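Shown here is one chain on its own, the form predicted alone, set out as structure tokens.
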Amino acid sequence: MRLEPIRNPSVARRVVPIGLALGATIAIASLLASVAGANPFSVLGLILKGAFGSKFAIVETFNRATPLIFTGLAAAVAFRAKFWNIGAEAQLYAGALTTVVLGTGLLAWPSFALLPLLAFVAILAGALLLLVPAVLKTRFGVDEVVTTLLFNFIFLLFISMLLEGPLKDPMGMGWPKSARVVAEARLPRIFEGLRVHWGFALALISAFVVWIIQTRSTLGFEMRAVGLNKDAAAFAGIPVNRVLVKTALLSGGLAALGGFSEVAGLKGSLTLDLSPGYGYTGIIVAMLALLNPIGVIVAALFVAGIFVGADSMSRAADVPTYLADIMLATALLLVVLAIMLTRFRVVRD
């Protein structure tokens, strides 16, 4: 048995395996719900209702999807150029940290000036944080998977130190959290009375901008060329190392915008549990979206809907929320297998 590449696969060849993968995911989730003693159709219905069945549910899904769009875009941009950024978690916290440092009263600026500055500094912080692994890779050949992954642990320990020390809120009753950002540093709500904020709109705009960069710019062409074949790109005159550094700066900045959005738009302060793993889940989002920036929006809403719906389902059907984690892991594995089957066919020698 061997794999044979498929030249110019048909639309059906590209779509059907992915549809079957998602269908198999639902079937496996139904089986697990049955094992847990619940009606599988009821469980799936409760997940759907909990994610999109009311105005409150939709708003919560949008809020959960916002940081996932940013981290999904960060992974999609980096992976397109075969730069394996596993450190979006640290970059997200870097954006959150700068937002708190500058947004808790250090600058007495009006909102129209303070919010763009906070977003810009957050992007800069995330970009610079990923610049270190990028330079280590391009100059010394250090594996970026290792360095970016380790940066997650290092930076979270650094955040913990700050929250127990200079950033600790004296009015926080001893809890390790920062002071709340001032009103001028808060992203306004899109709709009055609802929690969905302009960070969600910023995420949508970012996805569109990344799509423009990837499909309409020289940098986007160079990123795709480097990702497809680094040696061929270098032979064609593309500065591979420079492209990888630019890719890293863009990827880190996008992830950091997720931290800015969470603090300025939703939480208002920095805590160690600000992210329940958005940086890692963003990789799943990017893979489900096939590294397409517009697809990242759909994938992020899908993943956020599963998490939000699973919380509601767990309370109503007494089924563990771990079912959502299993669904996402299964979906990722099956979609990766489906992607392989869209590009290769299994033949017998």
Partner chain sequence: MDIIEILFTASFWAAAIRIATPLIFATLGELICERAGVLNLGIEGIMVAGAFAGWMAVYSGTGLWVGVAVAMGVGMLFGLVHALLTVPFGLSQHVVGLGVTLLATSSTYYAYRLALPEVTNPPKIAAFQPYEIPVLSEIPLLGPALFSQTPFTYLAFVLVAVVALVLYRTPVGLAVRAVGENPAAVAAQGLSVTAIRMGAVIVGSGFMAMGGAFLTMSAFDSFFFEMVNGRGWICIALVVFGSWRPGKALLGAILFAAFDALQIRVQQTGFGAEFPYQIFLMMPYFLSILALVAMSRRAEVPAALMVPFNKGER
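Residue numbers count along the first chain shown, from 1. Note that the structure is predicted; figures quoted are calculated from it, not measured.
The protein also exists as the form predicted in complex with the partner chain; that form is not presented, and the subsequent description refers to it.
Among heavy atoms of T25, none comes within 4.5 Å of the partner chain in the model of the complex. Heavy atoms of I6 never reach within 4.5 Å of the partner chain in the model of the complex, leaving it off the interface. The closest non-hydrogen atom of T104 lies beyond 4.5 Å of the partner chain in the model of the complex. At least one heavy atom of T147 is located within 4.5 Å of the partner chain in the model of the complex. Checked against the partner chain in the model of the complex, the residues R139, R195, R242, R224 give one hit for a heavy atom within 4.5 Å, which is R139. The partner is absent here; in the model of the complex, the one residue of I238, I213, L167, I86 having a heavy atom within 4.5 Å of the partner chain is I86. Stretch 35-43 is the answer when you ask which of 35-43, 297-305, 62-70, 48-56 has residues with heavy atoms within 4.5 Å of the partner chain in the model of the complex. For the stretch 331-349, the set of residues having any non-hydrogen atom within 4.5 angstroms of the partner chain in the model of the complex comprises L332, L333, V336, L337, M340, L341, V346, D349, in sequence order.
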